[in-house]
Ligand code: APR
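This document starts with one chain, in the form predicted on its own, laid out as structure tokens.
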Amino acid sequence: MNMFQKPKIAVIGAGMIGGNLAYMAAKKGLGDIVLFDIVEGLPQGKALDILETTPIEKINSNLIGTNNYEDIKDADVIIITAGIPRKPGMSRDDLLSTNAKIMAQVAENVKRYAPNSYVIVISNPLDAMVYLFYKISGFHKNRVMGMAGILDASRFRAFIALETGISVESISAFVLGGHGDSMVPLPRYSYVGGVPLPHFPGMTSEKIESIVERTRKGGGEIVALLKTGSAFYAPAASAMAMTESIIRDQKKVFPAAVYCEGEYGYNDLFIGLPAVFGGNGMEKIIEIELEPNEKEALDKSAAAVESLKENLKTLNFIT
């Protein structure tokens, strides 16, 4: 990124997540923002609406909405939200074929216009979509990542706070694995005021299991309540945390969908693992010690992600 000019952030998909991303990026002062969508008028209208908040919010970011991929040219960070959302009764995996077609087109255009960008994928099914982007774009693994674990861990932290009455600021949590019902919340690596969750007063194994299960189904819970779409505030905030850590070289550790080359025993797979995010994108995967039952759960989640990858091959999106 050029230190003498503002970073450029492109958001692909101007739906509920995309609009919130553009607003959050502007409010944080992370750079200039391009909001892209294929629907005429949608990105232009949202960008103009956000632009009109800038005098009130004292924001100095420039925003444009566009239907032209050429406008993402030379973006530093690209966040991809494009795709259809879940509806009640649907799993993330049900979106595979439709969203794969969209992702393939997005990947070709990002490769063409912003070959040096860092790319954060939000589109579902997350682990499959980030893998598809990686394969089509040919980008190095440090430039491609999926937002998943941050959101899942944030839900885990929020539910722990509701149960304990302790501030979310005093709670940390890890959720690994695929972004689906097989995700792996790790109570042993989750802390309340520095105390491991299993040892926190009043936190029984039954309560912990209830929180874990609610975390796994957290997205579906919101889909069932909204009835016409899926979550958008928390996913946007999660992707923005990754974006900020990259643009400002913060070296923060987040659980996120990253490309494995032997880590945890996995190869040629994007799956949620703890990693360092900084000025060089995904800079390092952190390998933590897992107990046999935790590794077994992570292996099960990896197998579910692997099956989605195989489905992409069956559908001829990748070879």
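Residue numbers run from 1 along the displayed sequence. Bear in mind the structure is a predicted one, so any value in this text is a computation, not a measurement.
In what follows, reference is made to the form predicted in complex with adenosine-5-diphosphoribose (APR), a form of this protein that is not presented.
- Query: Just one of Ser117, Ser238, Thr81, Ser190 has a heavy atom within 4.5 Å of adenosine-5-diphosphoribose (APR) in the model of the complex. Which one?
  - Reply: Exactly one listed residue reaches within 4.5 Å, namely Thr81.
- Could you spot which one of Ser172, Ser210, Asn142, Gln105 gets a heavy atom to within 4.5 Å of adenosine-5-diphosphoribose (APR) in the model of the complex? Flagged contact: Gln105.
- Options 23-31, 38-46, 264-272, 279-287; stretch whose heavy atom lies within 4.5 Å of adenosine-5-diphosphoribose (APR) in the model of the complex: After filtering at 4.5 Å, what remains is 38-46.
- Query: Could you tell me if Ala14 has a non-hydrogen atom within 4.5 Å of adenosine-5-diphosphoribose (APR) in the model of the complex?
  - Reply: Looking in the model of the complex, residue contacts with adenosine-5-diphosphoribose (APR) include Ala14, since a heavy atom lies within 4.5 Å.
- Given that the partner is absent here, does Gly218 sit within 4.5 Å of adenosine-5-diphosphoribose (APR) in the model of the complex, heavy atoms only? No, Gly218 is distant from the partner.
- Message: My question is simply whether Ala158 lines the interface with adenosine-5-diphosphoribose (APR) in the model of the complex - judged by any non-hydrogen atom within 4.5 Å.
- Response: Answer no; every heavy atom of Ala158 is more than 4.5 Å from adenosine-5-diphosphoribose (APR) in the model of the complex.
- May I ask you to check whether Leu95 falls inside a 4.5 Å heavy atom distance of adenosine-5-diphosphoribose (APR) in the model of the complex? The answer is yes: Leu95 has a heavy atom within 4.5 Å of adenosine-5-diphosphoribose (APR).
- Non-hydrogen atom within 4.5 Å of adenosine-5-diphosphoribose (APR) in the model of the complex for each of Ser154, Phe254 and Ser307: The answer is no; none of Ser154, Phe254 and Ser307 reaches adenosine-5-diphosphoribose (APR).
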